[in-house]
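Given as C-alpha cells, the chain that follows is alone and in the form predicted on its own.
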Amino acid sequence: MLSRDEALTLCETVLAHARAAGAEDAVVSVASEVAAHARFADNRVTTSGRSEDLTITVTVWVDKRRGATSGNDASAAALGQLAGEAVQIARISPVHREYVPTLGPLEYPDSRGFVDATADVDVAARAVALQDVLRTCREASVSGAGVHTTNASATAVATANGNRRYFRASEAACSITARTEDGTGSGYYAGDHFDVRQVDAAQIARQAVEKAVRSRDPKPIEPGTYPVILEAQAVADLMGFLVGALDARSADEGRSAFSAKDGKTRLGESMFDTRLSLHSDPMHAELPGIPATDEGIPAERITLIRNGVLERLTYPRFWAADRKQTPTPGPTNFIVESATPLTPLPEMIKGLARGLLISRFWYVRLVDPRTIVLTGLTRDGLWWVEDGVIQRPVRNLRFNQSVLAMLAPWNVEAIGPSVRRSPFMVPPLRVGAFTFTSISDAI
C-alpha cells in the first residue's frame, strides 16, 4: 500500500495535469489495496492467493460539465493521459445540474480501523487455523466450505480547492457453510473484524457444524404468521434495506418509507420500538469507520433513530444545498442498540412459547420501498421452538415482511446484545409476528 506522501504526490500530479488541460474544478483519488484469501470446499483447501491493486480516479468539471476517468498505471505518461481524457469527456458532456464545488481544506481524525496484522496476514497461522476448521468438519461428518479473507486499503483524495485526506482501513472475515452427508442439514456462520487476530475461525466452524447437524431432516410446517427469534445474522440480512431508506432526498420526494403527506417527512415520529436506537460512530471500538463520508465531510457520531423515534435523515452535499440544510457528517457504519437490559439468545428461546428460530436469510429483495416490504428465504438453519425448547428442524420458508412492522413498538418482544456483522452492529431480536408465504425446497 502507498504511504500518505506517496499517494498524495500522485494526486497532486494528476491535479496539475487536469488544471493544465483546462479543468476548472477537480477531485483525484488514489486507492491502493492488498488482499489475501484462502478458500476451501469439501473439507480441503482449494485456492489461496494474494493480490495488490492501485486505482487512480480523476473527476473534473469544465463549465460545470463533468468528466471522469480511472486507471491503474502510475507512470508519468499515464497520469497525464488520464487527466487529459477526463477533461475531453467533460467538454462534450451535458451540464452537470447537481454540481457543487469540491471541498476545501478540512481537518480529519485518524482512522481507528487499521492494523498491520491484517494487512500483512500471517499465512502460516491462517493455515493452522483452517486445518482446525477442516478437522472439526471431518470429525462431525459434514462437508465444510468457505473462505477466509483479509483486505487492507489506503485511500488519498485531493481536490482543486485544497482538500487533502488520507485514510487506511483493514478488514478480515471468515465464513463457513457446513452440509450433512445426507444433504438435508445445512449450517452457516461468519465473523469479521478489522483485526484478523479477532476472527475466531474455530468458533465459527463450531457454530456452522452445530447448525448443520441440528438442522438435519427438517419437516414442513404451514406457512403463516409466527413469533420468531432472529439471530444477529438474520437481523443484519435485513438492516441494509432500512438504513438505505434514510436518505433525505427520497423522503422529501415522496419515494421513501419516511415520506409523509404534502412533501413532508416522518422526522420526529415514533415508528419503532422505544428500546431501539440506531446511530453511526466512526470511532466505535468494535466497528470503527472511515472518519469521512464518501463526499469528504468529516464524520461524526450521529443518531438516526433514538428510542424508536426517527431523529435524522441523511443529506448529501447537493441535496443539503438545495434544501438549505447542513450536509450530514455520516453515516459511515450502523450500530443498533438497546438502552434497556438485554436478553441473551438462550433466554429468548426459553421465553418463546411457540415459534421459529431463524439463523439467516438469503436472496432478500425489496418489494415495496414505501413500507420496506421484503421477500426472501430462510436458509442454513430453521427450527421450531415450543415451551422454551428447540423441538425440531423445519423446512425453509419464503417470507414477505415489512421491516417497519417487524420493528414496530407492538412487535418487538426482546432485544439481545449487539454483535459485529460489518457494516452493522446488530442484536438478535424476538418479534411477535413475522409472515411466511410458502415452503421452499432449498436446504
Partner chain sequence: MSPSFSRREFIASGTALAAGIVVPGWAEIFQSGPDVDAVRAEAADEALAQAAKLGASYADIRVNRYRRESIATRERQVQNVSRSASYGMGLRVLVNGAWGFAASHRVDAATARTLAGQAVAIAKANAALAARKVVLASADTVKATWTSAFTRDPFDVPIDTKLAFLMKLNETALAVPGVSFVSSQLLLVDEHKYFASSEGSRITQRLVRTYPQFTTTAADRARGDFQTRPVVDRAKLVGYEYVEDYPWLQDAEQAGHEVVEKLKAAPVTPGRYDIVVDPSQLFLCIHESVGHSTELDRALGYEANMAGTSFLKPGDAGTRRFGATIVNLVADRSQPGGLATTGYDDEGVKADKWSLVRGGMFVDWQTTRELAPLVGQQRSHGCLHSDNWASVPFPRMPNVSLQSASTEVTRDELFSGIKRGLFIEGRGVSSIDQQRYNFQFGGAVIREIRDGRLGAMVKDAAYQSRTPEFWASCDGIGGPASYRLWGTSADGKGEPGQTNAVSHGCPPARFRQVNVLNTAGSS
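Remember, it's a predicted structure, so these values are computed and weren't measured experimentally. Numbering follows the first chain given and starts at 1.
Only in words, not in the display: the form predicted together with the partner chain, which the text now covers.
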The partner chain contact in the model of the complex: residue 146, any heavy atom under 4.5 Å
yes
State yes or no: in the model of the complex, is some non-hydrogen atom of residue 252 no more than 4.5 angstroms from a non-hydrogen atom of the partner chain?
yes
Mark residue 261 yes when one of its heavy atoms lies within 4.5 Å of a heavy atom of the partner chain in the model of the complex, and no otherwise.
yes
So, residue 179 and the partner chain: in the model of the complex, are they within 4.5 Å at any heavy atom pair?
yes
Partner contact check in the model of the complex: of 343-351, 303-311, 67-75, 279-287, the stretch with a heavy atom within 4.5 Å of the partner chain is 67-75
Have a look at 198, 163, 81, 274 for me and say which one sits with a heavy atom within 4.5 Å of the partner chain in the model of the complex.
81
Can you tell me which bits of 29-48 touch the partner chain in the model of the complex, meaning any heavy atom within 4.5 Å?
37, 39, 41, 42, 43, 44, 45, 46, 47, 48
